[in-house]
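In structure tokens, one chain follows: the form predicted on its own.
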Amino acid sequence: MTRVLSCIQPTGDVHLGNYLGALRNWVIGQHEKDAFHGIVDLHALTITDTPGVVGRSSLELAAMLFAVGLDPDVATVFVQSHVTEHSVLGWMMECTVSFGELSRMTQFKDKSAKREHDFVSAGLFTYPALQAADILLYDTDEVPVGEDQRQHVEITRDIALRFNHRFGDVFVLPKAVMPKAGARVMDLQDPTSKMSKSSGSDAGLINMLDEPSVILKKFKRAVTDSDTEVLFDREQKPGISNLLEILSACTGEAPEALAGTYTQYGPLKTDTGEAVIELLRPIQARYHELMTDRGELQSLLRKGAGKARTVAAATLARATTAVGMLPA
């Protein structure tokens, strides 16, 4: 069975765009492929300097992943730092990639430029080496990525090829694949921009744990246009089209068909808000149930870490044996 790896950083709250655009496909995909999903808390250290934040965020994110439908008996859901092989292989990958290759990574250039007058972690520079370890540890066949992450899979392949050339055939070469298209969810206040937690305001952002009254208020205040025609046209009517796409994702009906059932913007906003509330209701209930039973939640994570460690330990053993390191 094809093995697929998707990881997520425990930074910021999960929002509706994350769920409809990606996480819902993770839930479907766990039954189609051998799915590994890592909560990459070590990567989060590149931007975290406050005690307690990473652990709390990791637990909350784990609860959300299980709440949306990832099954610990089907998918392997784990916290990166619980599998120590990531750190060991990460160092080996740092010693296999060149300074020049890391310095050409677009994301490092972009992120370091944004923090020009702030502290820039060396981990931000070597991030791709640890990310390569994340991928290679699990004999990953496919890594679903957007265009902005494709470079990370390419450098992972380059590192694996160099290691295999030096020490023998150790690593499976992963390939970047475009994930199944999820719903396109745009900011409710700026429907030309994707819904994002990096937005300056949360007025256009629907967090997965928003109260029903908050969700409804945000949808009622969603930006549309001065026209009155309900039409699905992303270019000419981005606000209305965004509402129709969200409603479509909740109901399963095509946005074009839904557009024909409305003659006013108000009812569309209300119906979309209420559909989102109903979509999120069972997810929120399961999330809160897990968060009030930390024992069960941590048991699920230990189970995932055990499954992940079995695969990771075998891969790391192959790598250290190939290099000729002294066995413990």
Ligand code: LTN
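Start at 1 and count along the sequence shown; that's the residue number. Only a predicted model underlies this, so the values are computations on that prediction, with no experimental measurement involved.
Absent from the display: the form predicted in complex with the ligand. The rest refers to it.
- Only one listed stretch (291 to 299, 62 to 70, 266 to 274, 35 to 43) carries heavy atoms within 4.5 Å of the ligand in the predicted bound form, and that stretch is 35 to 43.
- Though the ligand is absent from this view, in the predicted bound form it lies within 4.5 Å of a heavy atom of just one residue from L258, A160, V143, V97, which is V143.
- Site annotation in the predicted bound form: the residue of Q149, T84, S121, T126 reaching within 4.5 Å of the ligand with a heavy atom is Q149.
- Among residues of the shown chain, C7 is one whose heavy atoms approach the ligand to within 4.5 Å in the predicted bound form.
- A residue is said to contact a partner when one of its heavy atoms sits within 4.5 Å of a partner heavy atom; Q131 meets this definition for the ligand in the predicted bound form.
- The ligand in the predicted bound form comes within 4.5 Å of no heavy atom belonging to I215.
- Contact between I135 and the ligand in the predicted bound form is found at the 4.5 Å heavy atom cutoff.
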